[in-house]
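Just one chain is shown here, as structure tokens, and it is the form predicted on its own.
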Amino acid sequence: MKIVTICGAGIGSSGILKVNAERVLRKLGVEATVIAADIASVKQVAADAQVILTSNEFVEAIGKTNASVIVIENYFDTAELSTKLEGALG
């Protein structure tokens, strides 16, 4: 499974989201590759992704995709991440 975290520059908030998503996935017992990327490269990086994690501001820019786009309100809230990832993966 491939999960991509998206933010404006691909460094700050997507990096935080990547680390927290990896923690949640370990707790859930789900094996996945998690990649942090910027919005400009989303089409290439997420072409084969099953899930894209991002904030509401980037949903429109992501556009049409085969991946499940999950909006995360609080990148530090592992409970929110866990609930939303379980919903998308279940």
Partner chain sequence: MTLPPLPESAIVIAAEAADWRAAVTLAGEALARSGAARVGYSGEMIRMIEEHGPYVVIAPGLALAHARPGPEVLADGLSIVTLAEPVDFGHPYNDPVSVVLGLAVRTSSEHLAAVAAVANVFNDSSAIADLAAATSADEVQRIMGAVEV
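Computed from a prediction, not measured in an experiment: that's the story for all the values here. Positions refer to the first chain, counted from 1.
Separately, the form predicted together with its partner chain exists; it is not shown, and the next lines address it.
Interface residue remark: Q50 is not counted as part of the site for its partner chain in the predicted bound form, having no heavy atom within 4.5 Å. Among residues of the shown chain, N66 is not one whose heavy atoms approach its partner chain to within 4.5 Å in the predicted bound form. Among residues of the shown chain, I70 is not one whose heavy atoms approach its partner chain to within 4.5 Å in the predicted bound form. In the predicted bound form, V30 stays away from its partner chain, with no heavy atom inside 4.5 Å. Along 14-34, a non-hydrogen atom within 4.5 Å of its partner chain in the predicted bound form is carried by G15, I16, K18, V19, N20, R23, in order along the sequence.
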